[in-house]
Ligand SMILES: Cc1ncc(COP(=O)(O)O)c(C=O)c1O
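Just one chain follows, in the form predicted on its own, and it is written as structure tokens.
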């Protein structure tokens, strides 16, 4: 079992704040700061040769570590600057079943998923409703998949409730009707053990911004290996080609592996930080982080029950991870007042969202919850 107190020293921000917003932006680790400084030093001391001495090898290592996080086959992962870009690439390039024009999306999914398909006039988007405003059972997806359904696109964990979907069941239902399945795992990368092969999804996207503590600018995607030869993104760049340094202009030959999903020059500084955060989390062990977060959110739910505060997060440990949302009629005000007292949370319409970093200790959590519950009950002045 990791020594959480010893690991806590890796995150200087935790000395200044009770950090209950790790699912939005993970705190910068010391190794991440050192990596950013190393990027500047490498660039400044070497100039152009740094591409070959340091930067391209770092990108290869990043892809390797992404494969380890996802338990993905070699050559099936690619780097993207954001999950939105990754989704755009997949929306334009996945070999969807011909003659089908319906995309199925969960009502509680993150807006970017809907926006990708609502912006494409050739498709009809259907949203799967949530009866309780907190969960959507796999059966609700399955009963809406028909002969028109090309793709089921949904998130692994709902960002507003912390509900962990049974994505294998959703993928099985999609495949049984001849549709593909795309999973957005941004909220589970780094806090839930991942295995894209066991999920049996056709595509997966994630990034380093949140639980991986890698900051913005490093996202990634996976495509099932047998689909890759037929993936032809409509938006591309020279680094998606088989041989970028041939500088071929008059023909486009995509890379044989998932690198064909990449585009132009990488945001290398971001990838230094992203790799540092990713390697830290892999060293700690995602399975340990998951258990720790479930312990912390168990206590948050207990405190809310004791205070009579309504929550929108499942009680069963195996149906959630990392997030608890609380009912609140003035969430932005509560967020601001808590920040002024050294507690960082997030607000969503009608809710305050808590996602404790896994190195928050028990005493800090109790103090943070004292302040959260106090602010929720304090009337507007």
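Positions refer to the first chain, counted from 1. Please read all numbers here as calculations on a predicted model, not as lab measurements.
Keep in mind that the form predicted in complex with the ligand is missing from the display, and what follows is about it.
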item	value
Non-hydrogen atom within 4.5 angstroms of the ligand in the predicted complex for each of 161, 297 and 317	no
Partner-contacting position among 135, 149, 290, 155 - heavy atom within 4.5 Å of the ligand in the predicted complex	155
In the predicted complex, the residue from 112, 248, 130, 71 that sits within 4.5 Å of the ligand by heavy atoms	112
Contact test in the predicted complex: residue 76 vs the ligand, heavy atoms, 4.5 Å	no
Contact label in the predicted complex: residue 83 to the ligand, heavy atom within 4.5 Å	yes
Residue 262: touches the ligand in the predicted complex, heavy atom cutoff 4.5 angstroms	no
Contact label in the predicted complex: residue 210 to the ligand, heavy atom within 4.5 Å	yes
Partner-facing stretch of 236-244, 181-189, 222-230, 275-283, counted where any non-hydrogen atom is within 4.5 angstroms of the ligand in the predicted complex	181-189
